[in-house]
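One chain is shown next in structure tokens, namely the form predicted on its own.
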Amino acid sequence: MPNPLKTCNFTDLEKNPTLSKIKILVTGGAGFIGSHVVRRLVNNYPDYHVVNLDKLTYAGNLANLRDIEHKPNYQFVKADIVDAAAMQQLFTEHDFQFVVHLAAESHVDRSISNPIEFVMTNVVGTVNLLNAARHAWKDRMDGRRFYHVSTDEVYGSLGDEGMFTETTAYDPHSPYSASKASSDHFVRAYHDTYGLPVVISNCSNNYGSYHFPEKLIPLAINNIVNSRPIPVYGAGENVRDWLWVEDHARAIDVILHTGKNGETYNIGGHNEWKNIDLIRLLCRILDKKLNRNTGDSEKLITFVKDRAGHDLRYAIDATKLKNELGWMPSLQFEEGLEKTVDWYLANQEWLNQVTSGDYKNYYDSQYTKR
């Protein structure tokens, strides 16, 4: 039977004596946020050995990492975190000091259609990794860290006032957020029960390059470019706090290296926008960049039936991260959005590849038959 952990790297890192002893496992490293984290770790820490574990579902794409795939300190492993035996084998073959766990099903709409898939990946997969780390690190926990990346959606919905803090009670409203809340609880339980050295971060909505276009910003950009209707749930009044993905990767780097075991850190962009206002801003930006008349793209806005259990407002208070670890977002939203739009316009081939095939069937089922 073939080895389930067969790698596709071109360098035998295990036999390279120049590499540091520090090994980092990044799960979901071929996805949107994961690829930015992997790239940052590989480029900023050349003495680290970074192992990227990804199942390569629709949202995982090795094209996201072509610029670093031949780096000597990078290795890719194709495997599924739901496969407990494969995870045990991976931890046996590699003596990881750090785990950055990003692998997750993350789209709320998909969780409504198929909640079991979210339970398996987000809950069972996380527990498999925790078990693998616990057994591999038994009696030698010092210097180790299991970093679990979560979402602000576990906190539920805010009214017009207030912000989520690290002590906000959990109140998930979708199968996705419920699965992430469950995985957060398991991570904390393994810290309290087994002494596993863990940290957790809960982030707001990310935006930036390499984002699969089922999410709001890349979906809208793609539709505006192609003069297709821009679906907006309800009246577009839902409010989200937007975090530039490279700022998120930088925050993960800081928390991984300087955070305190057992702690939770909220990561936010300090950028609250109503969905409809965000879409209108994108329309104005793209009208200018595509040499269209102002207002042309806004005519594409199409209001669709609201998502079930749609939370009204999210907002993150990242004061703890700023005060304790010195992190702050580097970009204002308008600047980050310009950078994001420019990237998608310059990378139409990438966008065309990821929107072919099954994506169209999914898109039609979600937005065009309502």
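In this text the structure is predicted, and so the values were computed from the model without any measurement. Residue numbers here begin at 1 and follow the sequence given.
The following text describes the form predicted in complex with a small molecule, which does not appear among the structures shown.
Every residue in 157, 168 and 181 with a non-hydrogen atom within 4.5 Å of the small molecule in the predicted complex? Negative, none of the three is within 4.5 Å.
Residue-level contact is defined here as any heavy atom of the residue lying within 4.5 Å of the small molecule in the predicted complex; does residue 137 satisfy this criterion? No - in the predicted complex, heavy atoms of residue 137 and the small molecule never come within 4.5 Å of each other.
Taking any heavy atom pair closer than or equal to 4.5 Å as contact, tell me whether residue 97 reaches the small molecule in the predicted complex. Contact with the small molecule, no.
Would residue 56 sit within 4.5 Å of the small molecule in the predicted complex, counting heavy atoms only? Yes, residue 56 is a contact residue.
Taking heavy atoms and a 4.5 Å cut-off, does residue 280 contact the small molecule in the predicted complex? Looking in the predicted complex, residue contacts with the small molecule do not include residue 280, since no heavy atom lies within 4.5 Å.
Consider the chain as shown here, without its partner, and state which of 51, 41, 33, 337 has a heavy atom within 4.5 Å of the small molecule in the predicted complex. Contact with the small molecule in the predicted complex is made by 33 alone.
Exactly one residue in 271, 121, 297, 266 has a non-hydrogen atom within 4.5 Å of the small molecule in the predicted complex; which is it? Flagged contact: 121.
Select, from the options 67 to 75, 288 to 296, 253 to 261, 197 to 205, the stretch whose residues sit within 4.5 angstroms of the small molecule in the predicted complex by heavy atom distance. One stretch meets the cut-off, namely 197 to 205.
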